[in-house]
Ligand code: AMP
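In the form predicted alone, a lone chain appears below as structure tokens.
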Amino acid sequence: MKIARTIEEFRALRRELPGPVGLFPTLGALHEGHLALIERARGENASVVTSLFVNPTQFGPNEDFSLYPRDEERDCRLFREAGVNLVFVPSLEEMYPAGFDVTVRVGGVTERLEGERRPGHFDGVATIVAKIFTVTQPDRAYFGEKDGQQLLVIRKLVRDLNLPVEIVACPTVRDPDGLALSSRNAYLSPEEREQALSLSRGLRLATKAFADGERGADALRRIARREIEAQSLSDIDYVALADAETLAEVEGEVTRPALLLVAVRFGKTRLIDNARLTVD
């Protein structure tokens, strides 16, 4: 495995790799969910590249950019063990040099839910993803379904700008108890973590009700919300049931594919999760 710290160095090494090339961009703090995406990429491509960069422009002023866990040595060891061929580890100055003044903004799907509550977040995501795609030139790029809204944003970015990369969505990886894997799980106290299991339980209960024939959007939202509200430490940001393509909130009956999305704080830790509802 080789490590490149500049765009020029990465591009020179990238030209030596056999294709197709799969990309998994990361902020680091790797866990089993990340490694599952790398394994998927490894199985579908001749070469795998990754990026390791904590992107400041996707963090709000009151978010955890300065606290976000950073351990390059550990992450690179895990990349190597997972079979990654080339890692891009740029500095802040390499990605945002003096005078940098371009923002990539995706409309529509960014204006609700996370976008409404975290102004500028998806501008930062779209800008850095566009830059990383430009530098790495992947044939395929791999993203987890846990960040459901982010996945829609990236798909729209690629579609609308005609970027030559296939976006591959990978199922959410969970601990055996159901909690979706996230780097932020490390911030949870034991009690907070136990209560955070209500997210996956609530989504499971609502999904089962949907499978059993419940189609009322309000009823499905209530099922998930009730399970989470029962936890004394939970502070619900939203429980939404939205169209799977536009993220417009569903009213009345669910007649098209939809996403049930939740965002909840336990102490200082904000967690998100989602489940897809597919209409036969």
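So that there is no doubt, residue numbering starts at 1 and follows the sequence shown. Since the model is a prediction, treat every value here as computed from it, not as a measurement.
Only in words, not in the display: the form predicted together with ligand AMP, which the text now covers.
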Please tell me which of 79, 88, 210, 142 lies within 4.5 Å of ligand AMP in the predicted complex, judged by heavy atoms. 142
Which pick from 119, 83, 171, 178 sits with a heavy atom within 4.5 Å of ligand AMP in the predicted complex? 171
Please determine, with the chain shown alone, which of 250 to 258, 216 to 224, 236 to 244, 33 to 41 has non-hydrogen atoms within 4.5 Å of ligand AMP in the predicted complex. 33 to 41
Look at the candidate spot formed by 189, 231 and 265 and say whether ligand AMP comes within 4.5 Å of a heavy atom in all three of them in the predicted complex. no
Please check if residue 94 has a heavy atom lying within 4.5 Å of any heavy atom of ligand AMP in the predicted complex. no
Wondering, does residue 147 line up within 4.5 Å of ligand AMP in the predicted complex on heavy atoms? yes
Taking heavy atoms only, is residue 183 within 4.5 angstroms of ligand AMP in the predicted complex? yes
With a 4.5 Å heavy atom cut-off, would you call residue 24 a contact of ligand AMP in the predicted complex? yes
